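A lone chain, given as C-alpha coordinates: the form predicted on its own.
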Amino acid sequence: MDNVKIGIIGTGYIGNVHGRIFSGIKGAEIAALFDIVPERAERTSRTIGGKVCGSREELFDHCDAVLVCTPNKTHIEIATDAVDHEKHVFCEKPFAIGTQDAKKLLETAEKGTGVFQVGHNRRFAPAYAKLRSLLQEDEAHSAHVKMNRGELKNPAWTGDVGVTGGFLYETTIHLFDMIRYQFGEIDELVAYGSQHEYPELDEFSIIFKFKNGFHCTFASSSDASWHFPFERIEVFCHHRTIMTQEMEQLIDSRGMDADFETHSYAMTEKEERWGYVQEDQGFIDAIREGKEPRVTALDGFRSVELVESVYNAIKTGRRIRLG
(Lines give C-alpha, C1' and ligand atoms only; values in the text may rest on other atoms or scores of the structure.)
Protein backbone atom coordinates (compact mmCIF):
# COMPACT_ATOMS: atom_id res chain seq x y z
CA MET A 1 0.00 0.00 0.00
CA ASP A 2 1.24 3.49 -0.86
CA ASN A 3 1.87 6.07 1.83
CA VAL A 4 -1.24 7.56 3.41
CA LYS A 5 -1.27 11.18 2.26
CA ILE A 6 -2.14 13.46 5.17
CA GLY A 7 -3.88 16.83 4.87
CA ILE A 8 -3.90 19.10 7.93
CA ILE A 9 -6.62 21.71 8.36
CA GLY A 10 -5.54 24.15 11.07
CA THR A 11 -1.81 24.63 11.59
CA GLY A 12 -1.79 26.09 15.08
CA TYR A 13 -0.20 24.39 18.07
CA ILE A 14 -1.95 21.01 17.92
CA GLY A 15 -1.83 20.87 14.12
CA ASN A 16 1.94 21.21 14.30
CA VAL A 17 2.23 18.59 17.05
CA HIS A 18 0.42 16.05 14.87
CA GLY A 19 2.21 17.23 11.75
CA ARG A 20 5.66 16.61 13.23
CA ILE A 21 4.61 13.16 14.40
CA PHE A 22 3.01 12.08 11.11
CA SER A 23 6.05 13.33 9.18
CA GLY A 24 8.07 10.68 11.03
CA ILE A 25 5.63 7.77 10.78
CA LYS A 26 6.46 5.07 8.26
CA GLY A 27 3.61 4.75 5.80
CA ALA A 28 2.43 8.35 6.22
CA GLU A 29 3.26 11.48 4.23
CA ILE A 30 2.40 15.12 4.91
CA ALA A 31 0.83 16.09 1.59
CA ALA A 32 -1.27 19.23 2.13
CA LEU A 33 -1.88 22.05 4.60
CA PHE A 34 -4.64 24.64 4.91
CA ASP A 35 -5.12 27.42 7.43
CA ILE A 36 -7.30 30.53 7.27
CA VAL A 37 -4.08 32.41 8.07
CA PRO A 38 -1.87 31.35 5.13
CA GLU A 39 1.33 32.45 6.86
CA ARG A 40 0.80 29.83 9.56
CA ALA A 41 0.49 27.06 6.98
CA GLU A 42 3.58 28.34 5.19
CA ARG A 43 5.63 28.22 8.41
CA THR A 44 4.46 24.67 9.04
CA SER A 45 5.28 23.64 5.47
CA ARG A 46 8.84 24.89 5.87
CA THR A 47 9.20 22.60 8.89
CA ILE A 48 7.44 19.37 7.86
CA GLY A 49 6.65 19.79 4.17
CA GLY A 50 3.29 19.62 2.46
CA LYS A 51 1.63 21.75 -0.20
CA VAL A 52 0.10 24.96 1.16
CA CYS A 53 -3.46 25.04 -0.19
CA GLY A 54 -5.74 28.02 -0.72
CA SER A 55 -8.92 26.18 0.28
CA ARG A 56 -10.25 23.00 1.84
CA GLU A 57 -11.34 21.85 -1.59
CA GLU A 58 -7.79 22.10 -2.87
CA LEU A 59 -6.51 20.21 0.18
CA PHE A 60 -9.00 17.40 -0.41
CA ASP A 61 -7.58 16.99 -3.92
CA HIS A 62 -4.14 16.19 -2.50
CA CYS A 63 -4.75 13.85 0.45
CA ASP A 64 -6.26 10.56 1.59
CA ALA A 65 -6.78 11.50 5.24
CA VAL A 66 -7.70 14.79 6.90
CA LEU A 67 -6.66 16.03 10.34
CA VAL A 68 -9.20 18.48 11.78
CA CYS A 69 -7.12 20.69 14.10
CA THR A 70 -9.27 23.82 14.05
CA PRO A 71 -11.23 25.61 16.84
CA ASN A 72 -13.81 23.47 18.63
CA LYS A 73 -16.96 24.91 17.11
CA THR A 74 -15.74 24.34 13.55
CA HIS A 75 -15.21 20.60 13.93
CA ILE A 76 -18.65 19.46 12.78
CA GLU A 77 -18.60 21.43 9.52
CA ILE A 78 -15.04 20.51 8.53
CA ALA A 79 -15.26 16.86 9.58
CA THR A 80 -18.57 16.46 7.75
CA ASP A 81 -17.05 17.99 4.61
CA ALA A 82 -14.09 15.60 4.82
CA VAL A 83 -16.33 12.54 5.23
CA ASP A 84 -18.47 13.72 2.30
CA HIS A 85 -15.27 13.83 0.24
CA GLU A 86 -14.65 10.17 1.22
CA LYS A 87 -11.57 10.95 3.31
CA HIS A 88 -10.33 9.25 6.42
CA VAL A 89 -10.76 11.70 9.30
CA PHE A 90 -8.84 12.37 12.48
CA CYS A 91 -10.92 14.93 14.41
CA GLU A 92 -9.35 16.57 17.42
CA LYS A 93 -11.47 16.69 20.56
CA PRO A 94 -14.15 17.74 21.14
CA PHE A 95 -16.06 15.68 18.60
CA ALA A 96 -18.65 18.46 18.33
CA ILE A 97 -20.34 21.12 20.49
CA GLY A 98 -23.82 20.20 21.71
CA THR A 99 -25.70 16.93 21.55
CA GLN A 100 -27.60 17.82 18.38
CA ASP A 101 -24.46 18.49 16.35
CA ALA A 102 -22.76 15.46 17.89
CA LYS A 103 -25.64 13.22 16.76
CA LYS A 104 -25.43 14.63 13.24
CA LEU A 105 -21.69 14.08 13.04
CA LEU A 106 -22.01 10.56 14.47
CA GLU A 107 -24.54 9.67 11.77
CA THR A 108 -22.25 11.15 9.11
CA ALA A 109 -19.17 9.34 10.42
CA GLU A 110 -20.95 5.98 10.61
CA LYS A 111 -22.14 6.31 7.01
CA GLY A 112 -18.67 7.26 5.77
CA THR A 113 -16.39 4.90 3.91
CA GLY A 114 -13.19 5.74 5.77
CA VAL A 115 -11.71 5.60 9.26
CA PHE A 116 -13.00 8.22 11.69
CA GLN A 117 -10.89 8.68 14.83
CA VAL A 118 -11.35 11.23 17.63
CA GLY A 119 -8.34 12.84 19.32
CA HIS A 120 -8.68 11.73 22.93
CA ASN A 121 -4.92 11.30 23.29
CA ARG A 122 -4.89 10.37 26.97
CA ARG A 123 -6.20 6.88 26.19
CA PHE A 124 -2.78 6.24 24.66
CA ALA A 125 -0.62 7.81 27.38
CA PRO A 126 1.57 5.19 29.12
CA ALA A 127 0.39 6.21 32.61
CA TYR A 128 -3.26 5.64 31.71
CA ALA A 129 -2.46 2.50 29.73
CA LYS A 130 -0.76 1.15 32.87
CA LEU A 131 -3.80 2.09 34.97
CA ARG A 132 -6.08 0.21 32.61
CA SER A 133 -3.81 -2.83 32.72
CA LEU A 134 -3.79 -2.87 36.53
CA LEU A 135 -7.57 -2.52 36.67
CA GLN A 136 -7.92 -5.66 34.56
CA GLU A 137 -6.24 -7.54 37.44
CA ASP A 138 -8.21 -6.11 40.37
CA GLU A 139 -11.76 -4.98 41.06
CA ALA A 140 -12.05 -1.23 41.52
CA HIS A 141 -14.64 0.03 44.00
CA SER A 142 -14.64 3.80 43.54
CA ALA A 143 -12.44 6.71 42.48
CA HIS A 144 -11.75 10.39 42.87
CA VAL A 145 -10.86 12.32 39.72
CA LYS A 146 -9.76 15.89 39.17
CA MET A 147 -8.85 17.89 36.11
CA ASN A 148 -7.98 21.55 36.56
CA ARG A 149 -6.53 24.46 34.64
CA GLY A 150 -4.47 27.22 36.15
CA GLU A 151 -6.30 29.92 34.19
CA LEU A 152 -8.27 30.67 31.02
CA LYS A 153 -6.16 33.60 29.88
CA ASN A 154 -3.30 32.10 27.91
CA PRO A 155 -3.98 31.68 25.08
CA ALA A 156 -6.87 34.14 25.18
CA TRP A 157 -9.29 31.95 23.21
CA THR A 158 -9.39 29.33 26.00
CA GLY A 159 -11.75 31.64 27.90
CA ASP A 160 -13.97 32.41 24.88
CA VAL A 161 -17.11 30.25 25.00
CA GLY A 162 -17.78 31.25 21.40
CA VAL A 163 -14.67 29.31 20.41
CA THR A 164 -14.50 26.48 22.97
CA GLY A 165 -18.16 25.81 23.70
CA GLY A 166 -17.39 26.08 27.42
CA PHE A 167 -14.72 25.05 29.92
CA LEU A 168 -15.88 21.43 30.08
CA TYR A 169 -15.36 21.11 26.32
CA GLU A 170 -11.92 22.67 26.35
CA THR A 171 -10.33 20.87 29.30
CA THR A 172 -12.48 18.49 31.35
CA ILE A 173 -13.74 16.45 28.40
CA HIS A 174 -10.35 14.71 28.30
CA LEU A 175 -11.03 12.89 31.56
CA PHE A 176 -14.74 12.48 30.87
CA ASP A 177 -13.61 10.22 28.04
CA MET A 178 -10.98 8.64 30.28
CA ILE A 179 -13.41 7.55 33.01
CA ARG A 180 -15.57 5.79 30.41
CA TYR A 181 -12.45 4.11 29.07
CA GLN A 182 -11.28 2.98 32.50
CA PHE A 183 -14.52 2.25 34.37
CA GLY A 184 -17.29 1.61 31.81
CA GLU A 185 -20.54 3.25 30.78
CA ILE A 186 -22.18 5.81 33.05
CA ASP A 187 -25.72 5.31 34.34
CA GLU A 188 -26.43 8.62 36.09
CA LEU A 189 -24.82 11.75 37.48
CA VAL A 190 -25.40 14.61 39.88
CA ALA A 191 -23.54 17.89 39.29
CA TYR A 192 -23.03 21.28 40.87
CA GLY A 193 -21.36 24.26 39.26
CA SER A 194 -20.59 27.90 39.90
CA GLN A 195 -19.11 30.95 38.19
CA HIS A 196 -16.30 33.02 39.70
CA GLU A 197 -13.42 34.22 37.53
CA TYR A 198 -14.79 33.99 33.99
CA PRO A 199 -18.08 34.74 32.17
CA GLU A 200 -19.15 31.09 32.24
CA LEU A 201 -19.49 28.23 34.71
CA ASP A 202 -15.92 27.61 35.79
CA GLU A 203 -16.04 25.35 38.87
CA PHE A 204 -17.60 21.87 38.92
CA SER A 205 -18.29 19.06 41.41
CA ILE A 206 -19.83 15.86 40.01
CA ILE A 207 -20.76 12.38 41.20
CA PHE A 208 -20.91 9.67 38.56
CA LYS A 209 -22.60 6.29 39.00
CA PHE A 210 -21.70 3.62 36.45
CA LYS A 211 -23.86 0.84 35.06
CA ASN A 212 -21.63 -1.76 36.74
CA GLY A 213 -22.13 -0.20 40.19
CA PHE A 214 -18.81 1.67 40.26
CA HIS A 215 -18.98 5.31 41.38
CA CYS A 216 -16.63 8.28 41.48
CA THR A 217 -16.37 11.91 42.46
CA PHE A 218 -15.03 14.37 39.90
CA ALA A 219 -13.80 17.94 40.48
CA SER A 220 -12.79 20.44 37.83
CA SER A 221 -11.67 24.05 38.32
CA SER A 222 -10.64 26.60 35.70
CA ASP A 223 -8.53 28.77 38.03
CA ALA A 224 -6.76 26.37 40.36
CA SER A 225 -3.19 27.61 39.64
CA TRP A 226 -0.82 25.27 37.83
CA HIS A 227 -0.15 23.23 40.95
CA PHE A 228 1.10 19.73 40.09
CA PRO A 229 -0.71 17.49 39.37
CA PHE A 230 -3.40 19.41 37.51
CA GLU A 231 -5.03 16.12 36.59
CA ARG A 232 -5.20 13.00 38.73
CA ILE A 233 -7.15 9.77 39.05
CA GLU A 234 -7.19 7.95 42.41
CA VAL A 235 -8.75 4.50 42.20
CA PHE A 236 -9.65 2.53 45.31
CA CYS A 237 -9.63 -1.28 45.24
CA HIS A 238 -9.41 -3.95 47.97
CA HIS A 239 -6.84 -2.48 50.38
CA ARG A 240 -5.26 -0.75 47.43
CA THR A 241 -4.95 2.73 45.91
CA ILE A 242 -3.73 3.32 42.36
CA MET A 243 -3.02 6.99 41.68
CA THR A 244 -1.90 8.81 38.54
CA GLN A 245 -0.12 12.16 38.67
CA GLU A 246 -0.78 13.83 35.33
CA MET A 247 0.96 11.65 32.78
CA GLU A 248 4.25 11.76 34.66
CA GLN A 249 3.83 8.76 36.96
CA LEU A 250 1.57 6.16 38.53
CA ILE A 251 1.74 5.11 42.17
CA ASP A 252 0.41 1.70 43.22
CA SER A 253 -0.06 1.22 46.98
CA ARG A 254 -1.14 -2.30 48.05
CA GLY A 255 -1.91 -3.89 51.37
CA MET A 256 -2.18 -2.31 54.80
CA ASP A 257 1.41 -1.11 55.12
CA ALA A 258 2.93 2.05 53.73
CA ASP A 259 4.60 0.30 50.81
CA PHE A 260 4.04 1.49 47.27
CA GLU A 261 5.44 1.06 43.78
CA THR A 262 6.08 4.00 41.47
CA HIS A 263 5.99 3.82 37.67
CA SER A 264 7.61 6.93 36.21
CA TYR A 265 7.25 8.21 32.66
CA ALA A 266 8.94 11.56 33.21
CA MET A 267 11.91 10.70 30.98
CA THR A 268 9.68 9.80 28.03
CA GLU A 269 9.39 12.44 25.30
CA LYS A 270 6.29 14.59 25.86
CA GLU A 271 4.54 13.64 22.61
CA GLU A 272 4.80 9.97 23.59
CA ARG A 273 4.16 10.56 27.30
CA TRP A 274 0.92 12.35 26.41
CA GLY A 275 -0.11 9.67 23.91
CA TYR A 276 0.08 11.74 20.74
CA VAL A 277 2.61 9.50 19.00
CA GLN A 278 0.63 6.35 19.78
CA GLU A 279 -2.74 7.78 18.69
CA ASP A 280 -1.29 9.04 15.40
CA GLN A 281 0.34 5.69 14.72
CA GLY A 282 -2.97 4.04 15.58
CA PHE A 283 -4.78 6.19 13.01
CA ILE A 284 -2.38 5.12 10.26
CA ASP A 285 -2.59 1.48 11.34
CA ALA A 286 -6.40 1.58 11.25
CA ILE A 287 -6.32 2.99 7.70
CA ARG A 288 -3.70 0.60 6.38
CA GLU A 289 -5.21 -2.48 8.07
CA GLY A 290 -8.86 -1.58 7.47
CA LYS A 291 -9.81 -1.82 11.14
CA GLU A 292 -11.78 0.25 13.63
CA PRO A 293 -9.77 2.94 15.45
CA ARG A 294 -9.34 2.77 19.22
CA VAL A 295 -11.26 6.03 19.70
CA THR A 296 -14.37 5.92 17.51
CA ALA A 297 -16.96 8.50 16.52
CA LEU A 298 -19.26 6.89 19.08
CA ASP A 299 -16.63 7.51 21.76
CA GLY A 300 -16.49 11.13 20.65
CA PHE A 301 -20.27 11.39 20.84
CA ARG A 302 -20.34 9.87 24.35
CA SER A 303 -17.86 12.45 25.64
CA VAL A 304 -20.05 15.28 24.29
CA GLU A 305 -23.09 13.61 25.83
CA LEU A 306 -21.37 13.67 29.22
CA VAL A 307 -20.47 17.34 28.93
CA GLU A 308 -24.03 18.29 28.02
CA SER A 309 -25.45 16.06 30.77
CA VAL A 310 -23.34 17.85 33.38
CA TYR A 311 -24.40 21.28 32.11
CA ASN A 312 -28.03 20.09 32.09
CA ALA A 313 -27.79 18.73 35.65
CA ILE A 314 -26.49 22.08 36.89
CA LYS A 315 -29.11 24.05 34.96
CA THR A 316 -32.06 21.96 36.14
CA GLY A 317 -30.81 20.88 39.55
CA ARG A 318 -31.80 17.32 38.70
CA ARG A 319 -30.14 13.93 38.65
CA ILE A 320 -29.48 13.00 35.01
CA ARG A 321 -29.92 9.45 33.73
CA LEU A 322 -28.02 8.44 30.60
CA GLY A 323 -29.35 6.00 28.04
Ligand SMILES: NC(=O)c1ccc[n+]([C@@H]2O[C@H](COP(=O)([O-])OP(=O)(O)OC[C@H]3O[C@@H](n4cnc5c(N)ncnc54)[C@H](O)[C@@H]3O)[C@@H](O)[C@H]2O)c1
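Here the structure is a predicted model, which is why all the values come from computation and not from measurement. Residue numbers here begin at 1 and follow the sequence given.
Not on display, but discussed next: the form predicted in complex with this ligand.
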Can residue 157 be called a contact residue for this ligand in the predicted bound form at 4.5 Å between heavy atoms?
-> yes
Contact between residue 310 and this ligand in the predicted bound form at 4.5 Å, heavy atoms?
-> no
Just to confirm, residue 303 within 4.5 Å of this ligand in the predicted bound form by heavy atoms?
-> no
With the cut-off set at 4.5 Å between non-hydrogen atoms, does residue 201 touch this ligand in the predicted bound form?
-> no
Out of 245, 182, 108, 72, which one falls within 4.5 Å of this ligand in the predicted bound form, going by heavy atoms?
-> 72
Identify which of 232, 174, 209, 132 has a heavy atom within 4.5 Å of this ligand in the predicted bound form; exactly one of them does.
-> 174
Among 295 to 303, 311 to 319, 7 to 15, 20 to 28, mark the stretch whose residues have heavy atoms within 4.5 Å of this ligand in the predicted bound form.
-> 7 to 15
Within 4.5 Å of this ligand in the predicted bound form: all of 34, 37 and 78, by heavy atom?
-> yes
Within 242 to 281, which residues have a heavy atom closer than or equal to 4.5 Å from this ligand in the predicted bound form?
-> 276
